[in-house]
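Shown here is one chain on its own, the form predicted alone, set out as structure tokens.
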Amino acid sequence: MNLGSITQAMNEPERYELDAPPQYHFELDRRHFFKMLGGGVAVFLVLKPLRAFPQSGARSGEGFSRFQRQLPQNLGAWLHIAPDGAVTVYTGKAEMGQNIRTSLSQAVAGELRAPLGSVTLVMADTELTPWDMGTFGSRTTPQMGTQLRRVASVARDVLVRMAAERWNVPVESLAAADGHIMNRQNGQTLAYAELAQASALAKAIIEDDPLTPATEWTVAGESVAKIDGREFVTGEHKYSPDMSAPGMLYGKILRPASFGATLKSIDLSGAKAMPGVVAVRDGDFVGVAAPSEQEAERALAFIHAAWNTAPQISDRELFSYFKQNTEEGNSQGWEGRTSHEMGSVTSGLAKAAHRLKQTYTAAYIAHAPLETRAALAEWKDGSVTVWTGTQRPFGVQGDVANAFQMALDRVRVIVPDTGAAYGGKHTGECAVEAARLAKAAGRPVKLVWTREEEFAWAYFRPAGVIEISSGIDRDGTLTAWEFQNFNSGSAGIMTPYEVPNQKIEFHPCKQVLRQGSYRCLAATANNFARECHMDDLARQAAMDPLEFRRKNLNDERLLAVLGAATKQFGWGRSPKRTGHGFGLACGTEKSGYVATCAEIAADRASGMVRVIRVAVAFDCGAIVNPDGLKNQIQGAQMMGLGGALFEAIRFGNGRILNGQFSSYRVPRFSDMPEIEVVLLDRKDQPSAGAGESPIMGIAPAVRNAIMDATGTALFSLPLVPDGLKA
């Protein structure tokens, strides 16, 4: 396992939410991992010191040092084989619909040589699972998958040695398969369960144990049914909002009049007079807990509050604001701008036969998960347990501990399977709010944010401005590339194209709305601008967009996905119809390589743009679960369509103006194109994550197809929020 890669996902500056100040700090008085597992075989992991690793899109040595930290050396028990043969695996990763429970179980079962059905994952519980940075950055498969494979490999070796000692035979004469150890000489077998019954054994391991190569995988590498799939489909599965506790109350929070507003005066008497209602004011925090959600809503309506507010800009002024309000120094705790320069852009532009300068913009958009934030909190004996949907259980544990000024070991965070997050559930405000109400009530309190709260009080994908100046020779060879990103971030900012003279910079800006991680981070905006610009350069050179990219690419894996996607799509072979256009885009991010082709239909009279067909080729190294990977890629295309075509947060004077699904449009079933997926299974390469990178090709491919169909060049995301204007 490359431990340095753990920090890659943390080091991108658009993860503002991870360094934001606490939402709450309550004025309260300041007032294990190891469990008795019983008999069997337990495996622990000892790690080497963490090395520095650069953030995505930056050159070596440009990483943010504040996250070049030392991980705990002993991360606790990872795997336990019980005397009945049950294999329990512990991981701090969370299941949010990406089906990682299945693929991680496959990785363990394959390396352990055990039936898939014998493996159970305990996930995202700060009391039971080893510390984990969080479920984000497409790190689960490459980092946690590799880690659990290594643990399983050592457990298998331990079992083989135990059998060799029992039979007094050489280890080399034994083989592990299907939960048994077999003696090759006489066919005798021992079940893992029998060996686990014999003795209790804890084995500490170092990370260098050899792993089974992907070419020899059996369980991993195959499409298997989703673990607990029936419960998900039938509605029996319990998510965060489904949690309950005896004597539970329901919470509601009084939200400020606008972003940044402070409380001027408050009258809680009306709410406190209601039977069974607890009303709390702690600083600017105001909330109620009641026997039902309806009573909590009524109690909130009886609270009279006045707020101090200040004038704020609207979305119409946003992009000029960014250009005028850069923070090149230490912004939000980050080291400032990212800067890369090679050769001379001035010289490259002077030599160019064709030059192009263009500005691209991307709006704030919401994560809009089906499941809004939810938490159930319960206090006992000065400790609190919170059940909540989050990508960072240990981060939320810290948020709660900090808010209540208490030790970490007195806070337990348990993450039920969560109905999506997309980078939007890194912070613990809902957990803190539920815990504060539960402390005041002396009873468990469940808090479920409304859709309006989710739209207004969660954080957004950063908006941004991107300026590109470029030049090409007469034969279409890139000579100069200058890329300036304001605010949206540096993920995926480096160009994969060969260009001798380049200058690439990211400029952090003063924040307008609360912003933070979103699926694929700024790689979506950066790839949109770059791939739109590449198409427009191809037109200047009078070249086919595919051939123009091939001429300026030297990356074998990126060329391979381009070839696979265009072949599947039939690039250059499909007959042209009036109002129809074809577009393509490609890119690489987080060790994933993607190429996307799109066909659109545009109607000038109505302004309607419809995406008809999409073909995506993806290379993320060795594939663990092909069907699961296809689902991730298809989901990324569906989600990406929203940001490409119509998703944008509208705001003014500190308020969200379209904070409901009736006014904030996400893709609907009627918007779905035919999606064809081509998987490049590179068993010669380590497995990379797939939850993020596939999304970044759809927006530029659709934009380029619109250009092909109509001749209209669009430069802003979303492309057609109100339809295609004449």
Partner chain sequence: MARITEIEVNGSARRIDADPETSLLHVLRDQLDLTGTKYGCGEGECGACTVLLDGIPQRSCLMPVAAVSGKRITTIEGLATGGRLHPLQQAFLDEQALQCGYCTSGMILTAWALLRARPDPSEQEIREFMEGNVCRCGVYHRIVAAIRRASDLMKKSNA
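Positions refer to the first chain, counted from 1. Model, not experiment: these values are computed from the prediction.
Keep in mind that the form predicted together with its partner chain is not shown, yet the notes after this line are about it.
Among heavy atoms of residue 429, none comes within 4.5 Å of its partner chain in the predicted complex. Residue contact check for residue 418: one or more of its heavy atoms lie within 4.5 Å of its partner chain in the predicted complex. Residue contact with its partner chain in the predicted complex: residue 367 places a heavy atom within 4.5 Å of it. Its partner chain is not shown here, but in the predicted complex it comes within 4.5 Å of a heavy atom of residue 422. With the partner omitted here, the stretch from 257-265, 466-474, 238-246, 183-191 that lies within 4.5 Å of its partner chain by heavy atoms in the predicted complex is 238-246.
For the candidate set 225, 608, 301, 175, a heavy atom within 4.5 Å of its partner chain in the predicted complex is found for exactly one residue, namely 225. Scanning 449, 483, 136, 404 against its partner chain in the predicted complex with a 4.5 Å heavy atom cut-off leaves one residue, 449. In the predicted complex, no residue of the candidate spot (132, 618 and 649) has a heavy atom lying within 4.5 Å of its partner chain. No residues of 678-714 lie near its partner chain in the predicted complex, the criterion being any heavy atom within 4.5 Å.
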